[in-house]
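The data below hold one chain only, encoded as structure tokens and taken in the form predicted on its own.
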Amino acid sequence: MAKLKKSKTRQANQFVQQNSASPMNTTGGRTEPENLETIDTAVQASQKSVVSREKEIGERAEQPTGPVGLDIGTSHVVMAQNAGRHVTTVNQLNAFFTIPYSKFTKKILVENEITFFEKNNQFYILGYSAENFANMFNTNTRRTMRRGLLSNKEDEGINVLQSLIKTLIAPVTNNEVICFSLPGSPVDSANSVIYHESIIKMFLAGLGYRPLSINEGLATVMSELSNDNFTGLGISMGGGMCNICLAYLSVPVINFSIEKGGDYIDNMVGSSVGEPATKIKAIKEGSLNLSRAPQDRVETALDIYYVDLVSNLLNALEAELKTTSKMPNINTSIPISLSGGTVLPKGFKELFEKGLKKVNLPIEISEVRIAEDPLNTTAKGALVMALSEEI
């Protein structure tokens, strides 16, 4: 691909001009960006590496000192901040587990600094602690979200998600910018993202932040494609959905989602082989190698459903690109950047490239890349956008 590399200042100017939310000032008949310095900081953040860690049990929430990126995913919630030479992220498992109330159990939970809340004579165990409980009982954790959106099957899902977010970020009083991830509208269902987005915005505003949302696919572009002038296809393959965004010079041209992701693979494989989805997830994330022949019936089922997911995604991409009236006139080939936990197994890139040869896209693809840090890409991209909106 012929990369049109620019200096950081020129990149920043271009980013400003394409971002309609950025204030502009006209001086002497010439349009100048008011916040060029802020945009330059955002571009620089997109080029930084990520230092990531899991939320420690009993650890206090972070007190942000600048804009925040927040990836609210079906599997994990990840908070990102700009810190010197790196972007730092802290992630929490988006899951919970309920156990019956008793005074004795409460004492033990408190002494062990387990994060929980109690309601209706039950304890709601949150985050990574919930996974430990589920594994101990050989069953599945429960999720606050389903297929990328708040689950309508969990009465306490909203309360649990809010409690999980509060383990990562503390309330502020300075109206700090926070940018959170939002799925694209699904093309394979009638579900809407409006309710989900509104609930998250109201909650974050209640914590003292100035919230804005970013499409997950666009967040991948903002995190990974700075050297390509923020032009290309960003595909975030998370637990609940696959989110796709075609961006040109940082402007989202087309974005959508399909309601299949890592959870779909886990559930279908678990159903096929008679194992809990939580156990399948652990195998998938721990030892799966898609570049070799399957070694047992679990790997065989994983291979089958990975191929199925990639096929569904690429067929949907082909259909959307061929029917849209918004296609820009891009006269060069563009990259695809893949992020999310579903892309982690060895051999996934080759599997995706193999599937790509079976569809006929109306744009030329230069290469397929796996994001530098797939689990933290969305949070980093959300941070880049948050930095660009700082006043």
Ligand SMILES: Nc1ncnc2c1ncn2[C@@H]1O[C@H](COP(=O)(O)OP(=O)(O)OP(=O)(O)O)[C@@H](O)[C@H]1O
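This is a predicted model, so every value here is computed, not measured. In case it trips you up, residue 1 is the first one in the sequence shown, and so on.
Keep in mind that the form predicted in complex with this ligand is missing from the display, and what follows is about it.
- None of the heavy atoms of Pro67 is located within 4.5 Å of this ligand in the model of the complex.
- This ligand in the model of the complex is approached by Ser75, whose closest heavy atom lies within 4.5 angstroms of it.
- This ligand in the model of the complex comes within 4.5 Å of no heavy atom belonging to Gly127.
- The closest non-hydrogen atom of Glu154 lies beyond 4.5 Å of this ligand in the model of the complex.
- The partner is absent here, but in the model of the complex a heavy atom of Tyr306, alone among Phe256, Phe97, Tyr209, Tyr306, sits within 4.5 Å of this ligand.
- Heavy atoms within 4.5 Å of this ligand in the model of the complex map, among the stretches 358 to 366, 49 to 57, 343 to 351, 320 to 328, onto 343 to 351 alone.
- For the partner-free chain shown, just Gly148 of 142 to 173 comes within 4.5 angstroms of this ligand in the model of the complex, judged by any non-hydrogen atom.
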